[in-house]
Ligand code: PLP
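In structure tokens, the next block holds one chain alone, the form predicted on its own.
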């Protein structure tokens, strides 16, 4: 694997940041995950725009989009894979121990690994921990990801691939790395960004392409929904066939199947929508 680190490609064994990088010591960083297919990134412009929004939310300098594009192109060219996960990480850089940020400027790391296509449906669980829709990091894609690690580990223990969070008002929010949609009486709904969820790239495209509605939803909607599906960079649109102990039948409902088909067609037609 060849990885871009602060201005150039490095072999994986030589791709190093300082142990005093603020992204490591206090989680002061942001990131994006971009799907690549046969060496072509999907929705890169939207991902870079969100990277900038997250940087501004943390008070980091705006990332240089041209530099990130050069880094992404170099990494993709150096690591040919059929289906890939391109990870762009942008941190507070070399800093003192503690929360104060240093003056050396941010660090940029871009890496790529190969992934397998996800199954068409999956199992999810709900967890008792909450997203803070009023927190300083609400809606930002930061490297402060430990609560997602804990929740996803709980999901894996229970034979699921994702965990869904409520927010502090006990409204449906999001998954550890996905957005959630529910189908009620044939209409598609997803929590609004005001719920504290990440403004997912795939979520936005799914709303635009399927006509889904942003709706403030209670957690118990999951017990009533006719269908449930997830969206994310690597899931695209993925049906949910089990939610906690509830089996949803059919495994892929008709509204979800249509959403999957629309997303596959539209994303195949335009790699940078």
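Numbering follows the first chain given and starts at 1. As the structure is a prediction and not an experimental result, all values here were calculated from the model.
Here the subject shifts to the form predicted in complex with the named molecule, a form of this protein not shown in this document.
Given that the partner is absent here, state which listed stretch (106-114, 72-80, 187-195, 138-146) has heavy atoms within 4.5 Å of the named molecule in the predicted complex. That would be 138-146.
So, residue 233 and the named molecule: in the predicted complex, are they within 4.5 Å at any heavy atom pair? Residue 233: yes, in contact with the named molecule in the predicted complex.
Is there a heavy atom of residue 91 no more than 4.5 Å from a heavy atom of the named molecule in the predicted complex? Contact check for residue 91: no, nothing within 4.5 Å of the named molecule in the predicted complex.
Hey, in the predicted complex, does residue 241 get a heavy atom within 4.5 angstroms of the named molecule? The answer is no: residue 241 has no heavy atom within 4.5 Å of the named molecule.
Is there a non-hydrogen atom of residue 171 within 4.5 angstroms of a non-hydrogen atom of the named molecule in the predicted complex? Although the named molecule is absent here, residue 171 would stay clear of it in the predicted complex, with no heavy atoms inside 4.5 Å.
Could you check which residue among 161, 121, 95, 179 gets a heavy atom within 4.5 Å of the named molecule in the predicted complex? After the contact test, the surviving option is 179.
Within 4.5 Å of the named molecule in the predicted complex, counting any non-hydrogen atom, which residues from 195-218 show up? Stretch hits, in order: 198, 200, 201, 202, 203.
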